[in-house]
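Coming up is one lone chain in structure tokens, specifically the form predicted on its own.
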Amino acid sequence: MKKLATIFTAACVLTAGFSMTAAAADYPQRPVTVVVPWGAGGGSDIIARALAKPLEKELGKPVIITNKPGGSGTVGTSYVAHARPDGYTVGLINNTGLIHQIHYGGLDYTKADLDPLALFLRVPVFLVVNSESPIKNVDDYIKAAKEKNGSLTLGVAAVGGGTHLPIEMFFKAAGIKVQPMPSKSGGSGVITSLVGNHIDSAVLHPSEVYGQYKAGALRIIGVLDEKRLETYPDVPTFKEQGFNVTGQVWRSFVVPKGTPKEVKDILVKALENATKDATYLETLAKLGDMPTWMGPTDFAKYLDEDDAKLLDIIKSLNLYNKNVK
């Protein structure tokens, strides 16, 4: 009986293996769902829909965009993590869902539950003040922060959010403290407060500041990037101003852990080609996002490095496991 049971178990394992291999060889056979863990009309949603058509062309099957917002991106990310690992559920996830919220605790998934496919774009982070502010550069900002002894206000979409954590790396390097002021209406609320001189400064994305910056209402102190942005050539980096600090919100594609390598290889190739589409790149330019590409190996390495860097900041702000009851 034991021998028969062993033979039966081995046969099941082999059958499952052959079935998975066969499925991978014929992939895709039906529509592929891309899960966006944010609401319709937001940056991630716009990008996903701009990519859907070129991705359909590459895969030869329909691509369905599904929005699953909630929990600062964790609802949709959890859905992907627990989906069947067959390549038909792909997540468009940013660092909030893959790093920040995991360290805040209270989730039913970890980074290990997802396989990275690619990091495909970066969203730069600006430190901004009202154009009437006496603060004109990083040195002025540091001086003002020290003079106010921790009471200099910083508008953020959310404490511990995608734009907040990168700028905290600069604050740590500069040895200053500021007072984060979260907005219930996200970046648009921060802009309103800054233009109205209700806060001293803010951390924002290029697409959020563009209109008011061009109108002369806002001054950008610096960008947390390796080099100046083509669309903002007059804005210096923090590195140019003496602080070797970079940081951004990034967006990536992931699949459930255990997705067959053959399927992942097909997806990676299709995604890389789709991100070269001219119409998609025009959409990115309008948003102020920066196209980039890291395949599975490079992205996995970068993810671990960024995780370690941000974990240090999260702990210093006493946000680690803040959602654990």
Partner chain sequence: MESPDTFGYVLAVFRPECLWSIFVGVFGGTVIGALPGLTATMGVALLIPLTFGMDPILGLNMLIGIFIGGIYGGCISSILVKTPGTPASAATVLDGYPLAQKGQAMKALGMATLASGIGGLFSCVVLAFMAPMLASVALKFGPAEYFSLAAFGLAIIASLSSDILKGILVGCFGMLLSTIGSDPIGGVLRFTFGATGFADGVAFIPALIGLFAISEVMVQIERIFEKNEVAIKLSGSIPNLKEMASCWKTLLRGSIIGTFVGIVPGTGSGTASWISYSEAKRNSKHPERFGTGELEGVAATESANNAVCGGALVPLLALGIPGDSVTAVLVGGLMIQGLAPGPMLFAERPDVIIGIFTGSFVANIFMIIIGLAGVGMFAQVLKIPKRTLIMAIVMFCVLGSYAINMNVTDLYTMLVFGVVGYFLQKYNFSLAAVCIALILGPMAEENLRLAYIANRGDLTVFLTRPISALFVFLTVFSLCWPIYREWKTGKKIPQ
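Note that the structure is predicted; figures quoted are calculated from it, not measured. Positions refer to the first chain, counted from 1.
Same protein, other form: the form predicted together with its partner chain, not shown, and the subject of what follows.
Asker: Considering P291, P69, G295, P62, which brings a non-hydrogen atom within 4.5 Å of its partner chain in the model of the complex?
Answerer: Result of the distance check: P69.
Asker: Between the options N95, T74, T163, S201, which residue brings a heavy atom to within 4.5 Å of its partner chain in the model of the complex?
Answerer: None of the others qualify; the residue that does is T74.
Asker: Contact between A173 and its partner chain in the model of the complex at 4.5 Å, heavy atoms?
Answerer: Result no; A173 lies far from its partner chain in the model of the complex.
Asker: Answer yes if any heavy atom of Y88 is within 4.5 Å of a heavy atom of its partner chain in the model of the complex; otherwise answer no.
Answerer: Y88 lies outside the contact set for its partner chain.
Asker: With the partner left out here, check for me: in the model of the complex, does some heavy atom of P236 sit within 4.5 Å of its partner chain?
Answerer: P236: no contact with its partner chain in the model of the complex.
Asker: Taking heavy atoms only, is N273 within 4.5 angstroms of its partner chain in the model of the complex?
Answerer: No, N273 is distant from the partner.
Asker: Whether S151, K184 and K214 jointly form a contact site for its partner chain in the model of the complex is the question; each needs a heavy atom within 4.5 Å.
Answerer: Yes, the whole trio is in contact, each within 4.5 Å by some heavy atom.
Asker: Just one of 221-229, 248-256, 133-141, 205-213 has residues with a heavy atom within 4.5 Å of its partner chain in the model of the complex, so point it out.
Answerer: Heavy-atom contact with the partner occurs in 205-213.
Asker: Out of 265-304, which residues reach within 4.5 Å of its partner chain in the model of the complex, heavy atoms considered?
Answerer: If the 4.5 Å heavy-atom criterion is applied to its partner chain in the model of the complex, 265-304 yields T283, K286, L287.
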